[in-house]
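There is one chain below, alone, in structure tokens, taken in the form predicted alone.
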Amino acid sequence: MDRETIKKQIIEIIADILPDQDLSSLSEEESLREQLGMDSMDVLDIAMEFRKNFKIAIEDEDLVKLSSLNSCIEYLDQKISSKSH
């Protein structure tokens, strides 16, 4: 799975969990929590959807690695790549 596909799926997941948010101008570098006004439950919901959609395990201590769009892409790319080897 390439990075662009991962990014699209991440945005779709966020859009499902936060349907009232405008994601068109989402910065890849800035904190998702700050940009979208997310709380800790939103972060957990998104992580659970990542687990289901990408069929990977995400440890609780790894949640901090899911802070920005870029960090989510990096993290998921590594997890998916290591799973397929």
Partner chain sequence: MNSKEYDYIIIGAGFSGLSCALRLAMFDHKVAILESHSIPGGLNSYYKRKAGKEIIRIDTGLHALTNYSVKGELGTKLFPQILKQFRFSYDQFNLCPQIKSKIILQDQMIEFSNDINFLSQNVKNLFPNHHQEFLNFLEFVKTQNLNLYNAPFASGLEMISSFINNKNLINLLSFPIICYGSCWPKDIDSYLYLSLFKAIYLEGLSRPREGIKTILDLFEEKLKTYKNVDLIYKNQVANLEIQKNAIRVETQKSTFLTKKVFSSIGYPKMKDLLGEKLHKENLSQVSFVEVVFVYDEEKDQAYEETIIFFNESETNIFEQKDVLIGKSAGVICCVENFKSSKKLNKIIKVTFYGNYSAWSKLDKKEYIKNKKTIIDYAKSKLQLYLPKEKRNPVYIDCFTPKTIKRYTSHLNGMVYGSTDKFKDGLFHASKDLILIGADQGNVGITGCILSGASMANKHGLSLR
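Quantities reported herein were computed from a predicted structural model and do not represent experimental measurements. Positions refer to the first chain, counted from 1.
Not on display, but discussed next: the form predicted together with its partner chain.
Taken together, Asp45, Arg51 and Leu63 are fully in contact with its partner chain in the predicted complex: each brings a heavy atom within 4.5 Å. Although the partner is absent here, Glu28 lies well away from its partner chain in the predicted complex, with no heavy atom inside 4.5 Å. Shown alone here, Leu18 lies within 4.5 Å of its partner chain in the predicted complex, counting heavy atoms only.
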